[in-house]
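As a starting point, one isolated chain is supplied in structure tokens, in the form predicted on its own.
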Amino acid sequence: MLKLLSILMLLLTPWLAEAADVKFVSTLDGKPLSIPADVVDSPAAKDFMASGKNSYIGNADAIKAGKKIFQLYSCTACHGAHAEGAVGPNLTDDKWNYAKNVNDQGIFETIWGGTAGGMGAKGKGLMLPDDPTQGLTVDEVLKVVAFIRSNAH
């Protein structure tokens, strides 16, 4: 049943991303994600919130910035220097622990809100609940996604 739901979600996600009002849900529990308006901090972030599409995919400057963020937030400790996997899963192949990560909206939701598998939320205000200044903005997460996708094979 879970596999059927995952397949259905994969089929519907592109259609949902075309909708004018994209809904973001937590990978952790399926509840709506909290994304404060003040962390939607760039034209690319605003476009993503409306369309679910990451305009940084293939952008060399964004990929370079995403790599720095990936290293700064210690993503490399679990996923390796190029997201090839270490203690945590490989992010460069087509085998996802969460089927929704096949598209950019899904991987954004996973990074922003964390997982039940041990990855903490990285979204601003969620990373350290007692310090809302910590964590990534929407723009930073999109750059990390662009870096991860640039390493895909």
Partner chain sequence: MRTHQLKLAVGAGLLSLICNSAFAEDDLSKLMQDDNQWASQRKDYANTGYSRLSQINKGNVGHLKQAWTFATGVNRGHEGAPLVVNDIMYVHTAFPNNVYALDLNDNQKIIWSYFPKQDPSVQALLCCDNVNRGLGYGDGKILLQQNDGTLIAFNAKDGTKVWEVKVVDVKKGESNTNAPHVFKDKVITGMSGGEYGVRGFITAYNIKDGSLAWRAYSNGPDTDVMIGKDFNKENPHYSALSVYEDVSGGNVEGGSFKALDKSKLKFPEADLGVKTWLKPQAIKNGWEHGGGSTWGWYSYDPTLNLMYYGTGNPGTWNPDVRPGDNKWSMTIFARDLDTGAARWGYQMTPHDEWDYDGMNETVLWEAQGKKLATHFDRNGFGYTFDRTNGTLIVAEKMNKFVNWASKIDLASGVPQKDPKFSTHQDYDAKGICPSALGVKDEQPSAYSPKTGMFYVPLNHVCMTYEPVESKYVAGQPWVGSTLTMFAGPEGVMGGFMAWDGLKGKSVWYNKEKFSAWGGALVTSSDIVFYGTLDRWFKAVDAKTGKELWKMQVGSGIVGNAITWSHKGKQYVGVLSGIGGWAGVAMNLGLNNDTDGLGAAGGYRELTKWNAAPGGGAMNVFSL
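Source: prediction; values computed, not measured. Positions refer to the first chain, counted from 1.
Unshown form predicted in complex with the partner chain; subsequent notes refer to it.
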Q. With the partner left out of view, is K95 within 4.5 angstroms of the partner chain in the model of the complex by any non-hydrogen atom?
A. yes
Q | K64 within 4.5 Å of the partner chain in the model of the complex, heavy atoms | A | no
**Q.** Any non-hydrogen atom of E84 within 4.5 angstroms of the partner chain in the model of the complex
**A.** yes
Q. In the model of the complex, does K68 have a heavy atom within 4.5 Å of the partner chain?
A. yes
(Q) Within 4.5 angstroms, counting heavy atoms, which one of the listed stretches 106-114, 37-45, 52-60, 87-95 is next to the partner chain in the model of the complex? (A) 87-95
Q) Within 4.5 Å of the partner chain in the model of the complex, do we find a heavy atom from each of S26, L33 and T137? A) no
**Q.** Contacts with the partner chain in the model of the complex - residues in 118-140 whose heavy atoms fall within 4.5 Å
**A.** G118, K122, M127, L128, Q134
